[in-house]
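Before any questions on binding or motion, here is one chain by itself as C-alpha cells, the form predicted alone.
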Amino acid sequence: MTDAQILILMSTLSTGLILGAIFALVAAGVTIVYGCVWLPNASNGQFFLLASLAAWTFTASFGWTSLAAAAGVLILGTALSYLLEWILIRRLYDTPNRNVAYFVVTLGLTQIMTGIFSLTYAKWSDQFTLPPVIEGITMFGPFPMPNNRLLVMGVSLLVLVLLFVLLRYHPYGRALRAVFQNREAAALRGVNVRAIYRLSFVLGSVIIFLGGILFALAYSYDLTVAWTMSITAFAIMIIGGPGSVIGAVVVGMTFGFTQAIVSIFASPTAATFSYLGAMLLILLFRPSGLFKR
C-alpha cells in the first residue's frame, strides 16, 4: 500500500472508531431510558450539546483544565438528571400513553434549551473547542494520531465495556432487564420499579452528557451538533431495536464507520441521509429493530 492509501485507511479507522463509540454511547443512553421508562427523549441532542458547552465554559471562562471541566460537568449533569426526574419525569410514570406525554415534554425542553443556547453561546462564537487533555501525537506509520483522540477513543470503548458488564452482571442490570420485559411481573418479584425508573433516567442522561464531553474533546463543534446527534441517536435506537443496548452498540459503531467513509468520499450531510434511509428500510421490514431487547 502507498502512504496515501495508508493515510486514508488509518483516518477512516480512527474516525470510525471514535465516532462509532460516541454514537454508541449516546444511543445506549437513549435506549436505556426508552426501554425502561418508555421515554423517547427528544432533548437528548440538547443534553449532548449542554455538556459540551458547559465544559467549554469551565475551560474558557474559569481557566479549568479539560479534565477538571469534564469531572465538573458529570457531577452537575448527575445532579441535574436527578432534579429533572424529581420535578418532572416521575409525575408522568402512571400516565396512560406516557410515551406521547414524555415526547411532548422533552420536545418542549428542546425548544427552551435551543432558545437559551441561541441567545447566549451563539453570540459568543460559531465554533467551540476544548483544549486537549494530552498533548502530542503518536505515529502509526505515516499517519499522525493525536494523543488526545487516542484517549477519547480508549475512554469511549472502556465505558461501553463497563456499561455492558453493569447491565449484564450487576443486580441493577438484571432488575433493569426485568422492568424492560414486564414492569408488573418485575414488581411482583420484589423489584422497586420506580427506583429503577429513576436510576435508568439518570444513568441514560449521564451517558449522554459523557458522550457530549468526549465529542468536544475530539472535535470542534457548533450548535447544530445537537440536532445532528438527536437524529443519529434516534436512528440508531430504531435500527438496533428500542431497549437493546447491544443493538445500540453494534449499529452505533456501524454508523461511525459509515460517517467516516462517506465523509471522506462524499460529505457528512450525505452520511446523515444514509442513516435516515437505513432507518426507513428497517422500519419497513423489521419494525421492532434488528435486535430484540
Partner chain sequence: MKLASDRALWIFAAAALALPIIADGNKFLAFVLGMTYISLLWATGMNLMYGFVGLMPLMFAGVAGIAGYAVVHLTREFGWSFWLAMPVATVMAALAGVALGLPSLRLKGFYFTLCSLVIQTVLTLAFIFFPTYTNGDTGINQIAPPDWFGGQLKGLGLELMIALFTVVGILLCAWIVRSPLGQRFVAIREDDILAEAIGIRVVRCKIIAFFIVSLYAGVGGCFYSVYIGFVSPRAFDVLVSMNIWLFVAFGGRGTIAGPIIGTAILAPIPFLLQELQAFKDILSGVLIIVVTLLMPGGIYGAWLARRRRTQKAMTDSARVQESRV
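Not measured: the values here are computed from a predicted model. Residue numbers count along the first chain shown, from 1.
The protein also exists as the form predicted in complex with its partner chain; that form is not presented, and the subsequent description refers to it.
No residue of the trio 35, 164 and 199 has any heavy atom within 4.5 Å of its partner chain in the predicted bound form.
Heavy atoms within 4.5 Å of its partner chain in the predicted bound form are found in exactly one of 256-264, 43-51, 61-69, 226-234, that being 226-234.
In the predicted bound form, residue 115 approaches its partner chain with a heavy atom inside 4.5 Å. Contact check for residue 181: every heavy atom lies farther than 4.5 Å from its partner chain in the predicted bound form. Although the partner is absent here, residue 105 sits close enough that one of its heavy atoms falls within 4.5 Å of its partner chain in the predicted bound form. Residue contact check for residue 137: none of its heavy atoms lie within 4.5 Å of its partner chain in the predicted bound form. The partner is absent here, but in the predicted bound form a heavy atom of 101, alone among 188, 101, 122, 195, sits within 4.5 Å of its partner chain.
Contacts to its partner chain in the predicted bound form (heavy atom within 4.5 Å) from stretch 179-218: none.
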